[in-house]
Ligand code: 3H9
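The chain below stands alone and is given in structure tokens; this is the form predicted alone.
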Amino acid sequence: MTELLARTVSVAKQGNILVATVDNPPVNALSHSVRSGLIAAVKALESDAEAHAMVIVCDGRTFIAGADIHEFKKPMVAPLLGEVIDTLDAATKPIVAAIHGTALGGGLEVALACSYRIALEGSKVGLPEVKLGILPGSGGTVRLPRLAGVEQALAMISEGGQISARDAQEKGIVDEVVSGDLKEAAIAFTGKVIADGARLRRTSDLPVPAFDAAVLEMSRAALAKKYKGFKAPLVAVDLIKMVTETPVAEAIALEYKTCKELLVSPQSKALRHIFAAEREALKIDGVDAGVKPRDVKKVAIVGPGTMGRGIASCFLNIGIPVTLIGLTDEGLASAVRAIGKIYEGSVKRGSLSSEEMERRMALLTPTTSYDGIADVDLVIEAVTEDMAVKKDVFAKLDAVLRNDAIVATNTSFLDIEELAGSSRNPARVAGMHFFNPANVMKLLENVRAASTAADVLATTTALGKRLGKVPVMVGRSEGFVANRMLSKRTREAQFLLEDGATPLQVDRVLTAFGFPIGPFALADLAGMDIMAAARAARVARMSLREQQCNIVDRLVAAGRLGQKSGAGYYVYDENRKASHDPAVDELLEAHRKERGFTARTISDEEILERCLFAMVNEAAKILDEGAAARPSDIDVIWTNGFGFPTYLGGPMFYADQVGLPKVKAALDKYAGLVGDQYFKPAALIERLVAEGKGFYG
């Protein structure tokens, strides 16, 4: 055995049992050395007459957590995982998989090919390949239904979720759940197997349990609705159907063929890109990986409005006490009730116990005074978007906080440098920009100022992960990354109405592209008064055409505030179902007449290109300015913040797939049609096209 193989898979003998230990940090991925080592371990078992069985166990924090994703980008080197699985399946002596942490993807397929599986209490198993646009390719779809049944297996494979060891035992996937020392428990379990005759139990020999064929079509319909636009979940239904009708060897071959086809599909490339990008986003540009985040045990939040309430619940969810500071007792009481309602909804859905709700609410302390927060580790201000108001809050915080407490602002648009400069200790100031509703949305835009300390940046990133968010570090920029790009899409959507498009057409084009909701339906949902207030806050910095494109103000003046008033861009029935309203056509025509526009026929292609490429162009400027460290960070922001379809990889990845020369040609075209100030290609796009490159090289 080579030195590399000896380091990743070692074999030791305990009595008549071989113990194969996988040690491939950090997650024991199925890299080439692990695959080769497992085959060598089985050969050692077969060649040792005194060895009656073998245990496969892993060092570190987890069992085999799946394939080595880095190998996806280059030709795989034999032995492939399928050969490992075949070797395990063909073994003439029983093999026991001892699971701790997570057994995911290929890791679970390895376990399924063993005769027996035991799992440590608290461990989880799953086949998450669908989240990367692929499906199991080494027998997972063939073996899992034979143990768990078709319906349970299909749910796990088509949605990629993880289940607990106890749940896996109930489903027949795991034979025994143990506590304490896993290796000792596995050896004891294997000893009993040997004492009982060392009986082999090949999953591949089991029949598929009887099932209702209607389950497949019901699942197909549900998946098509839940995962609109995604290919792999529906292919999973076809694959499971095939497995139920096909001999094992043939089914395994067809499964592998399907997996290979999906692996080279555009969707899988995009989803794997996002998977890697989210991990890359955790690396803070200019901050050494060894910088340790500060410990955050207690926080204060200033501002009990919608955002403050949502942010507070995020911290309460992970057991961190929150002091919520407001101006009035009435406002605080309203905030406490609203937070309670968030949890009451979870209790009604069965996702939260009443006891846990009470525990979380007990961590909340509402107050109108700043005096009791001298011991907090972090304060997040979430007051109104007014620089003077925020500076006043910062001054009050400076008077009471200890010097090493972090002060974070939730501002969406205001200058982080000016805010930091107003603090007596600018090094402790950063941005933590949550998205509404803060307790639901995954994206967290962390914002760095020039003087923000490295460990403060590390803390906001680590804290974002603790909160269950997807944190991305961005720099100084009006609107930062997400809202700055969104403002360009919003501008073009409004301009398109002036040019002759309808709200319904724009929304239809963008939802057909893959966004969960169109910009005008979204505005109606948020409330036109909210949209008008946001516009008013920025109108002085807008171009003349943007200032005069006051369609939102006209809707508000007409009392059309969106869903809350029963009418906005659309009219709503008692169930809030939207439909076209001729009154909006009249309002738009009056606006065009006043502004001197003549409505023309707008193609779907023009709508899509103007809305998307305006965003891509702005993103290129953001990258050039250094407000985002990497194009992949922008993709993470847009897939997690505004519903850009993950199966298209985010706006920057998508632009590269379209081709930057085509993007530039479209920008040039619309610069002539709409105006140079709106569509002149960014300098970065000009340079990349000239060099024959894309955002990703």
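In case it trips you up, residue 1 is the first one in the sequence shown, and so on. What you are looking at is a predicted structure, and each value in this text was computed from that prediction instead of being measured.
The following text describes the form predicted together with the named molecule, which does not appear among the structures shown.
- The named molecule in the model of the complex comes within 4.5 Å of a heavy atom belonging to Arg61.
- Contact check for Ala67: a non-hydrogen atom falls within 4.5 Å of the named molecule in the model of the complex.
- Of the heavy atoms in Gly149, none are within 4.5 Å of the named molecule in the model of the complex.
- Although the partner is absent from this view, Glu129 contacts the named molecule in the model of the complex, with a non-hydrogen atom inside 4.5 angstroms.
- Taken together, the three residues Ile134, Arg279 and Lys283 all come within 4.5 Å of the named molecule in the model of the complex, as judged by their closest heavy atom.
- For the options Leu397, Leu81, Leu496, Val322, the residue carrying a heavy atom within 4.5 angstroms of the named molecule in the model of the complex is Leu81.
- Think of it this way: in the model of the complex, the named molecule has a heavy atom of just one of Val27, Leu648, Leu45, Ala629 within 4.5 Å, and the residue is Val27.
- Note that among 560 to 568, 231 to 239, 357 to 365, 106 to 114, the stretch whose heavy atoms approach the named molecule to within 4.5 Å in the model of the complex is 106 to 114.
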